[in-house]
Ligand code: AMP
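Only one chain comes next, encoded as structure tokens, the form predicted on its own.
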């Protein structure tokens, strides 16, 4: 952390990069660093090589996030590329091309992190990358107000399931409390994330439930969404990000999986476990990564059914090995 803080102090132009298919913690970490560093007088560009989910559009700073094309067109020449909430270079899309060309640092909390930068602070004991960002900004002497505190708080709340998941330890509660004391508005975040759904999402989820299947004596539940299903209900992958957690909420389920065809022949496998199944290790076996209770993988060149046929038997076998189910 100290090396990254020093690098940030010395840099005049900073490119802050998040991961593809961004979630609340990723967007929080990117925008918190962007907002704070900009206030410190640095030239800063926030970047994510993916469309930002529409639910985050009410955050004023979201409009400043550029994709790789926007970065190239801007002519911005960073002294430092700071990557947040990213475990491997493929997760930053086309920005991976800069890793060997620009001084690069990464701040990450994924268990499956692959070191690929000049500086790296990786600590999987944190429930959210936003907690690590908080510590860096404190070291930098950032002045918090309602806006910055709310942006920073969003990452902690979303990655801990609003302080409901096992990664919501005492430290997460203390960090959240600290940010609320500094002006953070948890009710603004919860309304934006939890109470901001489109009718089309419910119709899509209804079809997901129709296609749902259970295996391993009810320990595994999975379903899928094809490109045709997204188009039928006027939805995108942004609209289905929370579906896997809904499947996990079924009584008796340990592992829930959503297979989502985010683009033709590009399937994202989103996985959640409830109490004991280590998804981080399993995700590595199919080319992905993540945390013990939340992990995923992106698989290209295969149809949804081909990916299901590849992943589900492996999961069933692993569950059978662990608990002896038939």
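Keep in mind the model is a prediction, meaning the values are calculated, not measured. Residue numbers count along the first chain shown, from 1.
Absent from the display: the form predicted together with adenosine monophosphate. The rest refers to it.
* To do: Determine whether any heavy atom of residue 295 comes within 4.5 Å of a heavy atom of adenosine monophosphate in the predicted complex, and answer yes or no.
  => It does: once adenosine monophosphate is placed as it appears in the predicted complex, residue 295 has a heavy atom within 4.5 Å of it.
* Examine residue 288 and determine whether its closest non-hydrogen atom to adenosine monophosphate in the predicted complex is within 4.5 angstroms. => Judged by the heavy-atom cut-off of 4.5 Å, residue 288 is in contact with adenosine monophosphate in the predicted complex.
* Asked: Using heavy atoms and a 4.5 Å limit, would one call residue 273 a contact residue for adenosine monophosphate in the predicted complex?
  -> No - in the predicted complex, heavy atoms of residue 273 and adenosine monophosphate never come within 4.5 Å of each other.
* Contact flag, residue 42 vs adenosine monophosphate in the predicted complex, heavy atom cut 4.5 Å -> It does not: once adenosine monophosphate is placed as it appears in the predicted complex, residue 42 has no heavy atom within 4.5 Å of it.
* Looking at 297-305, 62-70, 27-35, 43-51, which one sits within 4.5 Å of adenosine monophosphate in the predicted complex if you count heavy atoms only? -> This holds for exactly one stretch, 297-305.
* **Contacts with adenosine monophosphate in the predicted complex - residues in 106-140 whose heavy atoms fall within 4.5 Å** => The one in contact is 110.
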